[in-house]
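Same chain, two forms, each on its own as structure tokens: structure 1, then structure 2.
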Structure 1
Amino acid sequence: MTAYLPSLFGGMLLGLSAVLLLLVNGRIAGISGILGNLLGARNAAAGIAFVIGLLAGPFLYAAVLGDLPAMTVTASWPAVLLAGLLVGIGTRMGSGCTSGHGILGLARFSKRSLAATATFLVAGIISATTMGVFG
């Protein structure tokens, strides 16, 4: 199997699930919004199903294709926790995350999602460059 096919297949499944959630449930498939709704106990069944599917994905991948792709996290746990906290704050400030804005928002030609996605990308480039220089 070529290296890009798992990513292509994963992207297709993500897009399919996002479209199905929008068509069936009328909801945008942004994980930050789904988790926020779960914490507020709103629309819990769809949110729980989405999160279960998200968590089951790697197990399904391993069952179908054998092994999971190798992944290495070189950052320390405090750095990972700080990064997660900053991403969480950023998604709340931006009213969504990369999946909601980047996949569905851009597909709906949302100007807000275009601005949010551009901001995410620029912040990611700055963060990666800074970590490369100082990390």
Structure 2
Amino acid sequence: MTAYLPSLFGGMLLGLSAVLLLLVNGRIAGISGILGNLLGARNAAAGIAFVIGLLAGPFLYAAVLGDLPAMTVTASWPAVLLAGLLVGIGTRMGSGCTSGHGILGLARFSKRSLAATATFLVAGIISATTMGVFG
């Protein structure tokens, strides 16, 4: 029960970050896009700065709340490697991930992002539920 409020406030911070980046820098806070651009050495300075901020986030959390956030990886390492590969290919091919399509696309009422979000949510539920049943 107590997890709902941190999730809500955490989500609002994600929204605030995305709005800040859009209204000031004119850029979409799509993490897969930012990472893909970094790997291709485009928009390097702002992209690197954003990623450094992402890395600093858990330490800021620890500074405020006393400890790093809980983080438990349950998947085996072959599953982790396959998952990383699929997430990398999939987010580039699908032009976005949970941030670009899920947070900003939905707020822009983009039908493309709605279709993407519904697709990766359903695929994620099928994948995780199948792994839960057989894993």
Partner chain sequence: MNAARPAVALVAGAIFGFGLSLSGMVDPARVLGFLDIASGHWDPSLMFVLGGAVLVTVPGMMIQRGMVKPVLDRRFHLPEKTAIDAPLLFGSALFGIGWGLAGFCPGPAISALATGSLPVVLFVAAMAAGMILHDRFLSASPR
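For numbering, take structure 1's sequence and count from 1. The term rigid core refers to the most C-alpha atoms you can superpose between the two forms while keeping them within 1.5 Å. The structure presented is a predicted model; accordingly, all values stated were derived computationally and were not measured.
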- Query: Of these two, which one is the form predicted in complex with its partner chain?
  - Reply: 2
- Can a Cα shift of no less than 2 Å be assigned to F9 between structures 1 and 2, given superposition on the rigid core? yes
